[in-house]
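A single chain comes next, written as structure tokens; it is the form predicted on its own.
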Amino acid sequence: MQSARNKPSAPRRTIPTELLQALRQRFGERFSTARAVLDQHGRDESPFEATPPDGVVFAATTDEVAEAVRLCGQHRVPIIAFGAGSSIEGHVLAVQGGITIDLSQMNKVLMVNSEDLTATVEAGVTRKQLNAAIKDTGLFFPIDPGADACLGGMAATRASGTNAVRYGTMRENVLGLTVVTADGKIIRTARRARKSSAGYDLTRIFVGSEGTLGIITEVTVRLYPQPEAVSAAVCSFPEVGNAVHTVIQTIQVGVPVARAELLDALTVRAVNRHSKTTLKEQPMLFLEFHGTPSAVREQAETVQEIARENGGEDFEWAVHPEDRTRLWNARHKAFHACIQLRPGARAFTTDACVPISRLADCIRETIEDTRTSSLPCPIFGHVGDGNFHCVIVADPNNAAEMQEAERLNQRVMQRALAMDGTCTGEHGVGMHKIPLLKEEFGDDAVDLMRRLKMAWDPLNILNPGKVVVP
């Protein structure tokens, strides 16, 4: 199994001087080979060592992305798309060298159609920026992965987050894309109609392709009316299993809970230290309910009754909007809070997702497994849709710890696959999970993915070394 300290063995490709000169001539100061810029674009939140590109283009338009792709294609030089740099599986690392195209300056909200409940944005627009732009329309975009990720990157990794249990993932909420292909052509994958039976569903192929089939430059997303009433609460439990069973029963009885987030006691302790909160340091559910005032009240009463039957305490409510914001900000900072349990450490963030009927078993076995390790292994996640993260915190300078972290990481993913789940519920494959695809889908399915990659990117220049290896 590939170690997180070592990257795939394909060598860095030679970058011709004439390409660097052509990019500098075309983009001027928006093309950089400065060491600080390269280093910034050669690291994400994964445990992999930094691998910087040979140059960075700061693109401002789709046409500029296409120009940069064509120039790199002429020299068979790899191209890596970069947004906010918040990916977790090594997606943005230039493992074979090449040119990074930074899309963060492509940050315009191009169109908001309130009647159709859609918005079209450039790839560099972040989820917070979009919601700020549409706040006065009475609509909102619900996909919330925690980090203020850009919409292009969220589409490329098929992201989800805390609201997925009610609103779905990027797969359900991306209606169309503008994409630059490997040969520098610009295509639109769909129009704005709510449904279509025309041709192959190119949108769904590019969503989750992690920059290996094309570079997403514009995204059309589904919007939702802001709920009339929102209530949030926390509830503590004596054991993690009690909290998980509460969520399972809530889903099974049909309560449309908007958010159902689990934090184990160690995660709560880390959050308290990091965010200066005073949460009870026991396994805990963060819950949120959306709807009319009467519907929200009915949902909360039903879930509280289920929680009590599982040993949960009474809800502690976050009544005011600022209290809810403070609560969810603390939850969103859980990943970095866990890393700060050991300052200077790196995190192996597992991303198991299983059928909800197997969730309690998967988390229980993971807890039993990690208790034998000396490494901190806090657990949290979006248990409403069967997705949880075990954050294995290790010292990157200690080879034995890194090996132990990878062993535990692999066991979590193997456990999820054995329960008919997936090795990644929302983070994507990147480099770390390439070997697991065959176990999840089988040789023939992965071979089909490989043939699709080679048909659409025959020079293997789009983010090579990720998802599938030709």
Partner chain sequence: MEEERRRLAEAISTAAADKAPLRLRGGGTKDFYGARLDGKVLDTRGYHGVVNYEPSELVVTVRSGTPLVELEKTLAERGQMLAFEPPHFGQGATVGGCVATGLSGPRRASAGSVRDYILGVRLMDGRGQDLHFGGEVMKNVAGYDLSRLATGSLGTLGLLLEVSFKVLPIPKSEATLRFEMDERGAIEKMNEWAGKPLPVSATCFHDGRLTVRLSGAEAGVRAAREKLGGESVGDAPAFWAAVREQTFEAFRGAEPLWRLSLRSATPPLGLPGRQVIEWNGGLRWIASRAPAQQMREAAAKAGGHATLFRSHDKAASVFHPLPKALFDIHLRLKKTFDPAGILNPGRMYEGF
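Note that this is a predicted model, so its numbers are computed, not measured. Numbering follows the first chain given and starts at 1.
One more form of this protein exists, namely the form predicted in complex with the partner chain; it is left out here, but the text below deals with it.
Exactly one listed residue, out of 259, 331, 346, 158, brings a non-hydrogen atom to within 4.5 Å of the partner chain in the model of the complex: 158.
Of the candidates 230, 205, 109, 306, 205 is the one whose heavy atoms come within 4.5 Å of the partner chain in the model of the complex; the others do not.
Judged by heavy atoms within 4.5 Å of the partner chain in the model of the complex, the contact stretch among the candidates 274-282, 166-174, 231-239, 78-86 is 166-174. Under a 4.5 angstroms non-hydrogen atom cutoff, the partner chain in the model of the complex lacks residue 369 among its neighbouring residues. For residue 426, a non-hydrogen atom is located within 4.5 Å of the partner chain in the model of the complex, even though that partner is not displayed. Taking the partner from elsewhere, residue 420 is found to have a heavy atom lying within 4.5 Å of the partner chain in the model of the complex. Although the partner is absent from this view, residue 113 contacts the partner chain in the model of the complex, with a non-hydrogen atom inside 4.5 angstroms.
Using a 4.5 Å heavy atom cutoff, none of 134, 350 and 411 lies near the partner chain in the model of the complex.
The partner is not shown here, but in the model of the complex the stretch 436-470 reaches within 4.5 angstroms of the partner chain through a heavy atom at 437, 440, 441, 444, 445, 447, 448, 449, 451, 452, 453, 455, 456, 458, 467, 468.
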